[in-house]
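Before any questions on binding or motion, here is one chain by itself as structure tokens, the form predicted alone.
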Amino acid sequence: MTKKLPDKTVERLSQYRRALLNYLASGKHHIFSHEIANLLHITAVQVRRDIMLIGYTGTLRQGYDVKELIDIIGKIIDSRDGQKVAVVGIGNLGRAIMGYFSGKRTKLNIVAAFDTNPEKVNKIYAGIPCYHNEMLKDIIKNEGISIAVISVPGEYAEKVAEDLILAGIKGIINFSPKPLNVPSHVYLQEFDIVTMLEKVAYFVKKA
């Protein structure tokens, strides 16, 4: 598929695949749109729209073939040759990200970590080597890394982002509390954990 999909659609497709993999593991091979919707707490209409966008259709009698849908989503989301990821900042969050993601996807792998703390450099975390930030440019170039996760304190985030972009990184996930500005050719996804917690707290307070 060459058509560029909306951000939210891609996000939901990833969620569909994760839910469908669990569904397939339970021994079920067909699923209806309303069943996918129930798993993800969205509407069946939204599910059907997203799946139509990727050019797949089910049948009235059986719904969607789970394995076929998983494969089609994979062809759309994943790079054919796979993509490599680096994590910058090996504090508690950085290590948790590496540990959680390890082995989750065959086409997306964290292959390097970076930090400035000499006690963390030249060690292995979740099977991933940690290098000093000074080696960032060389390692990213040599390994062909295209995506980076920033999990450093806010005051260092801008400098780290600049170094990553200069090294050739095309996509950044920012877990630092500092919002970033990046060039248009770099895709940026920001996660503000404090804002997320405050949002949940607001709705809990109203409950």
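Not measured: the values here are computed from a predicted model. Note that residue numbering follows the sequence shown and begins at 1.
The same protein also has a form predicted together with a further copy of the same chain, omitted here; what follows describes it.
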In the model of the complex, residue 47 touching a further copy of the same chain (heavy atom, 4.5 Å): no
Residue 130: touches a further copy of the same chain in the model of the complex, heavy atom cutoff 4.5 angstroms: no
Residue contact check: residue 124 to a further copy of the same chain in the model of the complex, 4.5 Å heavy atom: no
Residue 77 within 4.5 Å of a further copy of the same chain in the model of the complex, heavy atoms: yes
Residues in 145-183 close to a further copy of the same chain in the model of the complex, defined by a heavy atom within 4.5 Å, in order: 146, 147, 149, 170, 171, 172, 173, 175, 176, 177, 179, 180, 181
